[in-house]
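Subsequent text provides structure tokens for two forms of one protein chain, presented individually as structure 1 and structure 2.
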Structure 1
Amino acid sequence: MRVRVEQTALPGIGVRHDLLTESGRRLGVVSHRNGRRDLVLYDPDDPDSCQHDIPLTDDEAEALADILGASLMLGQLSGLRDQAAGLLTEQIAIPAGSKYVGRRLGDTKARTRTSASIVAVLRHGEVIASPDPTFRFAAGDVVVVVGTRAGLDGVTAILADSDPDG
């Protein structure tokens, strides 16, 4: 981590973590001893004072962490694309008629057949990172695939394969 996170004990209350962004804003999280947490944004004119104090429930904090984690991972993937020539990342939606809806990731044998990897699945705005072969697809899932052009097209074709029974 290249960012310096400052940790400060608040005796009787809990602990505060804060960091200064590149754009010059300071933000932090106050974790109360009783499990409550607040997201705090500091005043740019008065960096000691928090301008906003936003209490987050457990679910809200988790959702926010997921969103930040997801955007971070996608960013890293596109960075990877620039670094390794020929290696591509693509998001492929599973079509509603796909025969893999409700079936396991392992059943696609995608990696063996195309040498491209499914590195994550996006479902309802959440990221499921590195799903294992027992992971079950649902309609509307978007898979994040890394591989060569031919490999990505192969995975697209496999997932688009319609269910002969359906």
Structure 2
Amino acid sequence: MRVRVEQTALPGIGVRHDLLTESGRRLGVVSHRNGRRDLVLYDPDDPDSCQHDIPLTDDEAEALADILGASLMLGQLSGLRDQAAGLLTEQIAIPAGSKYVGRRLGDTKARTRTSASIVAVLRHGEVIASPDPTFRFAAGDVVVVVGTRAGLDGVTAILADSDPDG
């Protein structure tokens, strides 16, 4: 079985690599532009929800890479740029009338519903990188989304929804 690694550029932040294990668990590594790395384990019932986020020092990341056989992975990761050719990044403003104003990111289930990822939120000139599922939206927030055209359009429709029951 070939392991599929998804690479997502996180504008202004760095890069996230996710993989789905044979047992169905999703885990990832966020490599920040400042050199920081986080190992993340997603909730098995909601892939939008991060169950555990473990910051790693350079020494810890290197030791973990050695344990996992990083040299074998380098060859596989080198081909990811070609595979990511269909991915787009878009900034989507949350309208004041959205039913998600004041609600949690996890309530949108955006990644589950669209396969697109909300990788950052821009609020009053501040970048909120990798918002977790408990992050609450405010009117005027701008979300940075990565995905296919269909996925980005789906997230736009979700966030524009003003029907509190829909």
Partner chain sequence: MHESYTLLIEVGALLFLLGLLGRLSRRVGLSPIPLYLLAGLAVGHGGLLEMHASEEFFAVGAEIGVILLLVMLGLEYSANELVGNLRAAAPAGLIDGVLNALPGAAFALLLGWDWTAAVVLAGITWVSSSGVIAKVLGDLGRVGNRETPVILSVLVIEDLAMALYLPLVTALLAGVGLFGGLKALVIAVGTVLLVLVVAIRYGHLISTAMSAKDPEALLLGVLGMTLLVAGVASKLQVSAAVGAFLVGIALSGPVAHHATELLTPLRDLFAAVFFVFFGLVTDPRDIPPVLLPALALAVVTMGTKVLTGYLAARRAGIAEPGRWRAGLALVPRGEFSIVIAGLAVSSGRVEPALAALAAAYVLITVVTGPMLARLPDFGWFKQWLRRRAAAARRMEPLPTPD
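Under this definition, the rigid core comprises the largest set of C-alpha atoms superposing within 1.5 Å between the forms. Since the structure is predicted, the reported quantities are computational estimates derived from the model, not experimental observations. For residue numbers, the reference is structure 1: its sequence is counted from 1.
- Here, the chain labelled structure 1 is taken from the form predicted together with its partner chain.
- Taking 2 Å as the criterion, R149 does not count as shifted between structure 1 and structure 2: its C-alpha moves by less than this amount when the rigid core is aligned.
- Taking 2 Å as the criterion, S31 counts as shifted between structure 1 and structure 2: its C-alpha moves by at least this amount when the rigid core is aligned.
- D43 shows a C-alpha shift of 2 Å or greater between structure 1 and structure 2 [criterion: core-superposed Cα displacement of 2 Å].
- On the core-superposed pair, the CA position of A9 changes by 36.4 Å between structure 1 and structure 2.
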